[in-house]
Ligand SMILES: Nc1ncnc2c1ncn2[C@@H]1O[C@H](COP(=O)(O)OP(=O)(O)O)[C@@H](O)[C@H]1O
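Single chain ahead, by itself, as structure tokens, in the form predicted on its own.
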């Protein structure tokens, strides 16, 4: 699934008139509060998503935003991830993103909604003039941060369409439901840095995560993931800090998702 206008074709052109002041993904605290406690209204469905993915508006006390709501009840069973856990994994990815200090993932919460509990994430509209294929193959530093983030969360499905560049130089990422496996399952279109030294900025971010794993981040992930998955996340960070390079593709797992878009 890609958060783009073409994927929203069957949303009946709704969700564009939310009242109130818009909330920016840069304002994480305000966005989290709005997403957690705001009135959630379903406007349409993203039909290309493999799981139930609903385009919504959310409003509270004069604040408003568009968002994505993925109810647990709409998750498709997967052979390699426990049933009913994808929403928690999306939230866990956001928590890691916050700890890294890069805002790689838009504000994301777990809450009840019109179709039961699920993940709710702030909508980020990508700049339609940016060529996502070219961006995914570039040396763009924001995309490189995404590659480091994906290695930490063990993202098994980083497609080109999961990159969300709003046009201000930042790049967000969406669809992190198949992350945090205990087994090494990194599958991504961002292999251009494999084996290359991590930047000082990346090492600093990994250091922050390493420290946070021994404190609030570790405690939060323990609420969202299994103990083995939390331990595996900690080990991945420790290995990256030890070897100080971008990881190589797995030898026993497809390295690129299909389709890559």
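The structure presented is a predicted model; accordingly, all values stated were derived computationally and were not measured. Positions refer to the first chain, counted from 1.
Unshown form predicted together with the ligand; subsequent notes refer to it.
Peer 1: Which residue among 122, 151, 189, 96 has a heavy atom within 4.5 angstroms of the ligand in the model of the complex?
Peer 2: Going through each option in turn, the one that passes is 122.
Peer 1: The ligand isn't shown here, but in the model of the complex which of 30, 42, 232, 49 has a heavy atom within 4.5 Å of it?
Peer 2: Exactly one residue meets the criterion: 49.
Peer 1: Could you tell me if residue 87 has a non-hydrogen atom within 4.5 Å of the ligand in the model of the complex?
Peer 2: Outside the cut-off, so no.
Peer 1: Can any non-hydrogen atom of residue 71 be found within 4.5 angstroms of the ligand in the model of the complex?
Peer 2: No, residue 71 sits far enough from the ligand in the model of the complex that none of its heavy atoms falls within 4.5 Å.
Peer 1: Taking the ligand as it sits in the model of the complex, is residue 174 near enough to touch it, meaning that at least one heavy atom pair lies within 4.5 angstroms?
Peer 2: Taking the distances in the model of the complex, the answer for residue 174 is yes, it comes within 4.5 Å of the ligand.
Peer 1: Hey, in the model of the complex, does residue 164 get a heavy atom within 4.5 angstroms of the ligand?
Peer 2: Contact with the ligand, yes.
Peer 1: Quick one: which of 180-188, 135-143, 114-122, 96-104 gets within 4.5 Å of the ligand in the model of the complex, going by heavy atoms?
Peer 2: Of the options given, it is 114-122.
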